[in-house]
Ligand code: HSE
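Starting off, we have a lone chain in the form predicted on its own, written out as structure tokens.
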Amino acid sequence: MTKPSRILVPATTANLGPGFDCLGMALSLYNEIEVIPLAAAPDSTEIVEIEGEGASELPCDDRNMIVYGMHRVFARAGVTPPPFTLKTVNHIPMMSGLGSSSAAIVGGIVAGNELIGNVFTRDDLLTLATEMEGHPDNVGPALLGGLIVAVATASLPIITQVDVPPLQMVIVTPDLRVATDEARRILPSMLSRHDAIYNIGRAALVVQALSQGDFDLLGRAMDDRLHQPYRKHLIKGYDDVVSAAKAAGASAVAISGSGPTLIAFAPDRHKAIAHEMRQAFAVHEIHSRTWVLEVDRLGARRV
């Protein structure tokens, strides 16, 4: 690649209630990555400029996850890293449960692949992204778009995309930080057969409900006993915010990823639901941001 390349990578929401580590969906909120090839190497082989979310926190050298993803692609292709300038504009909040780390991984491997002439297929990139992230429920939709059902295997992840009708979702991100490793540590190491059956059945129903746009079914199915009962205590005001969302018209509410973002599904009244959820957090003296987003159907792509 000799010309600059601009790439969009969507935010993602994983788990969707009972589909722990198996369900994920891409959302219409994006990080923008611009890769500019350099004719000659400067003092460093890469120059990183960051705007937006995390600009004051993220590293601007080869510790940056996007750069790391690019170098993983170069290493797998067996090529010497070409010099480049990397500019990012981040709109996905960090440590929010909206897949910011997956967006960085996917953005890096897509950008790296572009830089060396797209020598790898989407399946190749999906395998590499899953290796880097550890599971495919966020990197899958970030790369492919839409709603995905994902299972990690020893080689290529098993992933299927599920067609969904036009949907709008309310996203509410409180001013809290929930580290993914902490959110995993508090989960039980054992699950009863009864609770396993509870989650398996509801995960299947959530996929069916989303594929048909059936909000009534979604409201009855989007519950679980594997992670949300343990994680909700990390989100101050959780019960009140969920109650406010449902009172305003939401059919279902779930923790997005490991939190603290909450995602509410409804056929209409999205702005009213967002307002009530934000107000419920405010009662607990927690500032929050809201978006009304759609399903991103394309995944990471050059624009």
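Quantities reported herein were computed from a predicted structural model and do not represent experimental measurements. A residue's number is simply how far along the shown sequence it sits, counting from 1.
Not on display, but discussed next: the form predicted in complex with the ligand.
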query: Partner-proximal stretch of 129 to 137, 113 to 121, 157 to 165, 188 to 196 relative to the ligand in the model of the complex, 4.5 angstroms, heavy atom; finding: 129 to 137
query: 4.5 angstroms heavy atom contact with the ligand in the model of the complex for residue 258; finding: yes
query: The ligand contact in the model of the complex: residue 177, any heavy atom under 4.5 Å; finding: no
query: Residue contact check: residue 184 to the ligand in the model of the complex, 4.5 Å heavy atom; finding: yes
query: In the model of the complex, residue 14 touching the ligand (heavy atom, 4.5 Å); finding: yes
query: Residues in 15 to 35 with any heavy atom within 4.5 Å of the ligand in the model of the complex; finding: 15, 20, 21
